[in-house]
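Given next, in structure tokens, is a single chain: the form predicted on its own.
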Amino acid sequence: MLTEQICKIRQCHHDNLMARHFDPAYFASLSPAQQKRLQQIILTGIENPDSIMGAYAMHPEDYDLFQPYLDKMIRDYHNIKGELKQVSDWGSDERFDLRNIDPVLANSSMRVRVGRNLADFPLPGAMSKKDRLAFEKRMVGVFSGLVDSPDFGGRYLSLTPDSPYQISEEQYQQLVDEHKMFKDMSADPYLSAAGISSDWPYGRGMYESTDGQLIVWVGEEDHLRIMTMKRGALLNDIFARLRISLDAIERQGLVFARSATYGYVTSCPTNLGTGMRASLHLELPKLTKNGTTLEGLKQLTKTLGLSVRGAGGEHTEAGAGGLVDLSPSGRLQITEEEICRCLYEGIVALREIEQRS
């Protein structure tokens, strides 16, 4: 029954990687317990046939246990052939200064985030309500260490009912509107099918540093989404702030889940590797036809190794003046430094094309 269902999805939805690489013989070779576990991983792709990946890992070790199947999906999505081994390298002393491109970029909006999961908890899709509350309690202890630090300070804000740190619905909505807090996940059919949005809003919240440059989401698609943001011209600064923040968080006794092959473990295979998304807002009025379309720009940025979104995020159009959000599309088999370089060189290329248009 399951095999027939997935075969039908493969026929109608060619981009669903779960269905494209599903092998009935491999599935039949698994024990009943392993079959049940794999079905949970791919349930989101079955219930949502229009998925691209169609799978969310439930435990850090899933990537090793089901590697014969998941590795094909991962390589297909990330376009990787040959040896695959993720390494981490945050870079040298080379400076990526946007003012060298154009002095007008001296106050650019920059943001870098990574997904991280703890090695001693199930991934969000397999967490129980008890797990979520225990995880949040663990992180409250971690954040207390940051709050007491002169380099961070700040506060933790919880969505958990009756938490000492609980905020009101109005405060929550304001944070969402300010693009600081993640939206209600229970309305997302992909996350719901994977169990990631279960028990909403228990175990969810965010930490924000005093200067507002460090935000940590708790209990979203990954255990943690750690992000730094600021305005400036030197891309190195925002990456350095993120690395310092990650080190400070890990020093509180956390161990992040890692795979010897795929790097940092994330719920969605699309984020494996660095788990990083680095983005910058850039005005491209000519290439977006004064902000009316992103279609042509999407193809152009793809050739540069970049992804483009509207100023308001995914599924939005360009903002006033053709303002768009640009980010390197690579996560896996690429280093942190290479992501920074890709973003800088992509901006150089786009500015030149914009000026010639």
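All values reported here derive from a predicted model rather than from experimental measurement. One-based numbering along the sequence shown.
From this point on, the text means the form predicted together with adenosine-5'-diphosphate, which you will not see here.
For a residue to qualify, one of its non-hydrogen atoms must sit within 4.5 Å of adenosine-5'-diphosphate in the predicted bound form; all three of 229, 309 and 325 qualify. Just one listed stretch, out of 109 to 117, 67 to 75, 260 to 268, 143 to 151, contacts adenosine-5'-diphosphate in the predicted bound form at the 4.5 Å heavy atom level, and that stretch is 109 to 117. Shown without its partner, this chain lists 224, 214, 280, 284 as candidates; in the predicted bound form, only 280 has a non-hydrogen atom within 4.5 angstroms of adenosine-5'-diphosphate.
Scanning 251, 130, 179, 85 against adenosine-5'-diphosphate in the predicted bound form with a 4.5 Å heavy atom cut-off leaves one residue, 179. Looking at residue 321, you'd find every heavy atom of it more than 4.5 angstroms from adenosine-5'-diphosphate in the predicted bound form. Using a 4.5 angstroms threshold between heavy atoms, residue 313 counts as touching adenosine-5'-diphosphate in the predicted bound form.
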